[in-house]
Ligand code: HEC
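Only one chain is given next, in C-alpha cells, and it is the form predicted on its own.
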Amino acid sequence: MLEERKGGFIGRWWKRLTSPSARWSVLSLVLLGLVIGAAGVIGTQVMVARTGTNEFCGTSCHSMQWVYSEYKESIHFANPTGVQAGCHDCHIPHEYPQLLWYKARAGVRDVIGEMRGVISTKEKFEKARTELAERVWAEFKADDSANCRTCHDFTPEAIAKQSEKAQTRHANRKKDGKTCIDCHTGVAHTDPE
C-alpha cells in the first residue's frame, strides 16, 4: 500500500499506463485505438464539412447575418460564369493542418465574441467593422492572399483577358510587393467607413 502511494498522482498514473494489461489483449487495445482514431478522423471531417457551408457561416452565428447578406449581393455569390466562392473558400486555409488550426482558433474567438455580445447588433457590428476587416486583411496579406489565388490565377492567359490597366497592375504586383487584398478590399463585403 505504501509502495503504491509513492511517486504521487502522476507517477501512479504513469505506472498504470505503462504496465501490461491483465484484462485486455494487445490486439484488443490496438483495435480499440484504431476505432477511437477512426472516429476522431471521421468526426473531424464531418465537422469541417458542416461548419464550412455558407448556410452555417451566415445563419448559425447571429453576428454574421449582416456580412452574409452583403456577400449574397456580391460577385462572389452571383456572377455571369455561375461560379460561386463561399465563405470557406475565401476565409479558411485549404490545406491541412492549417485548416484545422485556423478553424479551431477562429471558432473559439467567434464563440466567445457571440457569448459576450461584442457584435450582437447591427450598430455594434458597424462600430467594430474596421477592426474586424483589418484583422481579415492582415491574414490575407500574411499568406499572400493564398485563398484568392486558388481561383484567380496570374497566368499569362488570364492576364491577357484583362483590361490594359489591370494587366499592368497585375504584372507588377510582385515587384511592388502587393497582394490581392492590397487593392481588392470590399469585393464580397462592404468596406468599412
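A residue's number is simply how far along the shown sequence it sits, counting from 1. Everything numeric here is computed off the predicted structure, so don't read it as measured data.
Not on display, but discussed next: the form predicted together with this ligand.
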- in the predicted bound form, S120 touching this ligand (heavy atom, 4.5 Å): no
- N79, heavy atom within 4.5 angstroms of this ligand in the predicted bound form: yes
- Item | Residue contact check: K141 to this ligand in the predicted bound form, 4.5 Å heavy atom | no
- Query: Just to confirm, H152 within 4.5 Å of this ligand in the predicted bound form by heavy atoms?
  - Reply: yes
- Message: Exactly one residue in Q162, S60, T51, S28 has a non-hydrogen atom within 4.5 Å of this ligand in the predicted bound form; which is it?
- Response: Q162
- Query: What residues of 162-193, in sequence order, lie within 4.5 Å of this ligand in the predicted bound form by heavy atom?
  - Reply: Q162, S163, K165, A166, R169, H170, R173, K178, T179, C180, I181, C183, H184, T185, G186, V187, A188, H189, T190, D191
